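Take a look at this single chain, the form predicted alone, given in structure tokens.
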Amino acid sequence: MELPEALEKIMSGVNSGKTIIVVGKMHAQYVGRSTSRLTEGDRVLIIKNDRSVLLHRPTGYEPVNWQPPGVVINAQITVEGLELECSRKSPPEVLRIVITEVYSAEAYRLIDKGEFTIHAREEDMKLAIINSPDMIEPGLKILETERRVGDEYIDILAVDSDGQLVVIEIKRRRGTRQDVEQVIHYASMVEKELGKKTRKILVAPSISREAASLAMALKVEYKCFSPRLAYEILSKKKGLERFMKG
């Protein structure tokens, strides 16, 4: 594709709120919070309909250069090639991309109303709480996980900032009446074994009305904690790629 034709397609797509995908030979330079220079090579340039800009190399899932949504995009043909300037004022930064050869350039009107759901396991939720117990409440300290009581195992045994034992049961789906009863059962076994009163906490992304009423009556606390939040915590703690492979 000739550069003038690609320029027309890119700017027409940007101005009409389309997603643009350009494959070609490019080099780039960034000036802003830092500076970087990327010498020429085969790249994939994506300009989304919110004007976020991603420049990808042929390998790896992360862009080598990028700009967030809402940047100002200007383009022209220069002696170097098809030059795109992607800039914003706060913070002041500019990503300059020069395309010297265009293999393909397409613009799409993409519509996405789908809901994104993370299917994390209860084990992942537990690991996230272990890594960030303050997500349940400030000052919480984990004592044991998978503590055996009789023939069963408690997800987490912790102590709160006042020194009181806390029995925590984790569910990855909506909490039910049976889950509340399970926490009560585990807590009673711990109290019998250790001779100390415990707090009881059910952790789940949501709770049924019946379960919430029973929990209030039996003094079982409910803490909202979703698989998505667990995913975010773990991805920050040990890296997204490692978490997804695990």
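From 1 onward, residues are counted along the sequence shown. Predicted, not measured: the structure shown is a model, and the values here were computed from it.
Keep in mind that the form predicted in complex with a further copy of the same chain is not shown, yet the notes after this line are about it.
Only one of 79-87, 126-134, 100-108, 155-163 lies within 4.5 Å of a further copy of the same chain in the model of the complex by heavy atoms, and it is 100-108.
Using a 4.5 angstroms limit between non-hydrogen atoms, E221 is distant from a further copy of the same chain in the model of the complex. The shortest heavy atom separation between V31 and a further copy of the same chain in the model of the complex is within 4.5 Å. Taking non-hydrogen atoms only, R172 approaches a further copy of the same chain to within 4.5 angstroms in the model of the complex. For K197, no non-hydrogen atom is located within 4.5 Å of a further copy of the same chain in the model of the complex, even though that partner is not displayed. Residues of 14-46 placing a heavy atom within 4.5 Å of a further copy of the same chain in the model of the complex, in sequence order: T19, I21, V23, V31, G32, R33, S34, T35, S36, R37, L38, T39, E40, G41, D42, R43, V44, I46.
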